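Next up is one chain by itself, shown in C-alpha cells, the form predicted alone.
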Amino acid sequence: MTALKKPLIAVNLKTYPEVSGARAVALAKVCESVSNETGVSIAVAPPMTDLAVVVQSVDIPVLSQHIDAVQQGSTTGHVPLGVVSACGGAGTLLNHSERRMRIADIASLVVDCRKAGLATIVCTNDIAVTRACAALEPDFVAIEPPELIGGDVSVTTANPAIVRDSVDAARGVSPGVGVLCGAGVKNGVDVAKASELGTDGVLLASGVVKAGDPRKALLDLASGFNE
C-alpha cells in the first residue's frame, strides 16, 4: 500500500465509459508512469468494480471513490471500509459532490480509516464545510465548488478566493491537514495557481479521463508544481 504524499495529483476516474474495465488499468498505468518520470505523487480512484484489479496492477496509491458507514456482513450493495482495506486500497474519497454524506458518518469514517491505515480525502463545497471537515483531521480536504465541476474554467481562475480562504480555514483548525482544490482543473497553469493559493495539490477527473492524450495532460499538470 503506497501512502499519499504532497504535492498530490488525485485523479478520480468516476464511472466514465473511457475507463471501464481494462481501460481503468491502462489509465492507472499511465498515471504511474508519469509519477515515476516526474517525481510527483499521483493517486488514482478507479470505478469501484475495478478497485482490486487496479491495486494489483500499479504501485501508486489507489483510492476508493467512497466508503459507506456500515460494517461488513449483511450490507448488500454497500462499500464497507473492510472491503477497501482487503483490496489493498491506500485510502478513499469521502463526501464527493456526487456522493454527499452526513457529517457524523464522515467523522466516524475518518477515525476508522486512520485506525485501518487508510488515507482520507474529504471533499467540500464551501468554506464553512471545509472548516468543519478539516476539524475532523482527515489527511486532506478538497475544495470543489459543484457548479464548476466538469467545466472548462478552473476554480483557481473562476473563484480563487474560495481556494485561498479554504486553505486558511482548514489550517486555522487543523494545521496538519493537506488541502487540495478541484473543479475545472485541466493544466499546469491551473496547478501552478493552486499552489500559489496555498494548496498541496489538485483533485480532478475529466481533465485527465477525457483528455485526448492523458499522458500529455498529466505531464502538463505535473509541470505546474515547478512553475
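Because the structure is a prediction, the values reported are computed rather than measured. Start at 1 and count along the sequence shown; that's the residue number.
The next section is about a form of this same protein that is not shown, the form predicted together with a small molecule.
Only one of 136, 90, 83, 148 lies close to the small molecule in the predicted bound form, with a heavy atom inside 4.5 Å, and it is 148.
Residue in contact with the small molecule in the predicted bound form (any heavy atom within 4.5 Å), chosen from 67, 183, 31, 194: 183.
Here the chain stands by itself, but in the predicted bound form one stretch of 70-78, 149-157, 108-116, 126-134, 149-157, has heavy atoms within 4.5 Å of the small molecule. For residue 204, a non-hydrogen atom is located within 4.5 Å of the small molecule in the predicted bound form, even though that partner is not displayed. Contact between residue 23 and the small molecule in the predicted bound form is not found at the 4.5 Å heavy atom cutoff.
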